[in-house]
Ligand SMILES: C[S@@+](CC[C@H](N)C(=O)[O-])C[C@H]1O[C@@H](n2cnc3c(N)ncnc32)[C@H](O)[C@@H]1O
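Only one chain comes next, encoded as C-alpha cells, the form predicted on its own.
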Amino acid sequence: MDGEPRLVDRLRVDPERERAELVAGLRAAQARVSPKYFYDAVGCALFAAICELPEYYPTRTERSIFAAHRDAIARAVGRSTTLVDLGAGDGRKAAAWFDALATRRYLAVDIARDALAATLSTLRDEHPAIDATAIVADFTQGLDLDADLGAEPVTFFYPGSSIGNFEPAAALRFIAGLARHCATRAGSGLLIGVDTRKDAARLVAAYDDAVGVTAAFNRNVLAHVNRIAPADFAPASFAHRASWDAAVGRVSMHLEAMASQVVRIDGRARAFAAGERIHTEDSFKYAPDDFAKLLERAGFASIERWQDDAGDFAVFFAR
C-alpha cells in the first residue's frame, strides 16, 4: 500500500443534541427512531446476514448485474483512478472493481468507525497497492470531500440501493451534491444501484424474511437506544412489521407493541398502547425511467443503465 492507510474522523456531532433528538423521537405521538441506530456491532452483523437471505434479492441481483456487465460498466466509467465508496461497510463491493477501473486511490466513507478500521486492515493485506483512506462521516447530512479529492477523475460508488433510505426530495439533493463534485473533475461520475418497484409480496418478503433475521435486526434498534437514551425497552415485546405503500413507492418498517406497556425514556415514562408503532425505516423503490429522470434533475447529463432479465434491480452510471 502506498503509505499507511489513513482513518480520518469527520463525524461532527453533538452527542447531547443527538441524544435529545433520539429521546424526542421516541416520546413523539408517532414514535420514531432514525435508521442510523440500527448499526451497532450486532446490527451490522445482522444486516450482513440479511443480505444473504433468499428473500433479500437486491444484493445478489446487483451482484449478478455487475458480473454480467462488468466490462460494459468499466468502459462507461473509464479508468477512473479514485473510487469513493459511500456507505463502505467491509469495502468488498468496491474492491471487486479495483482492477476493472484501474483504481489507485480508495476513499471509504461510512458512519461506522469500527467497521471502517476493519476495512482498512483488510485492504492493507489484500490490496497493498491501493492508497486507502477511510473517512468517518454521516454523509446523509452532507458530503464535502474537496479537501480529499484531487483534480483527477473520481467515481462515486453507491451500491445496494441505499439511496432508497432517502425521501425522494432528499435523494435529489444528495445526488445533486455528488454531481457538483463530478462537474469540477472531468471524467467523473456516479455508479449507483437502485431497487425497482415490483410485486408487493416480494417487496414485503425482502423486509420480513421467514427465518426472522430482519425482525431481529429491527428489534435490535431498541437494545441500542436503551444504551443511548437511556431507556428500558423490552425488544421482545415489540413485533416487527413491514408494509408496502404503492402510492408513494415505499416499504416501511415499524416495531409494534404487542401489549400495553410503559417504557422509561431518559427518566420519564412513556406509555405504548397495544398495537402502537415505532417507525424505524423507509425504503423507496423506483421505476428505472423515473430514477433516470432524477439523475438528470440532479445535474447529470449522460446516463447509462443495466438491469437483470427480470428487471428487479437497476445499475446506473451517470456523468
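The structure displayed is predicted, hence computed values, not measured ones. In case it trips you up, residue 1 is the first one in the sequence shown, and so on.
Below, we turn to the form predicted together with this ligand, even though it does not appear here.
Proximity of K93 to this ligand in the predicted bound form: non-hydrogen atoms within 4.5 Å are present. Y39 belongs to the set of residues with a heavy atom inside 4.5 Å of this ligand in the predicted bound form. Put simply, Y286 is far from this ligand in the predicted bound form: not one heavy atom of it is within 4.5 Å.
Heavy atoms of G249 never reach within 4.5 Å of this ligand in the predicted bound form, leaving it off the interface. Site annotation in the predicted bound form: the residue of A171, I111, L120, A205 reaching within 4.5 Å of this ligand with a heavy atom is I111.
Put simply, of T81, T133, N226, T140 only one has a heavy atom within 4.5 Å of this ligand in the predicted bound form, and it is T140.
Only one of 226-234, 182-190, 197-205, 111-119 lies within 4.5 Å of this ligand in the predicted bound form by heavy atoms, and it is 111-119.
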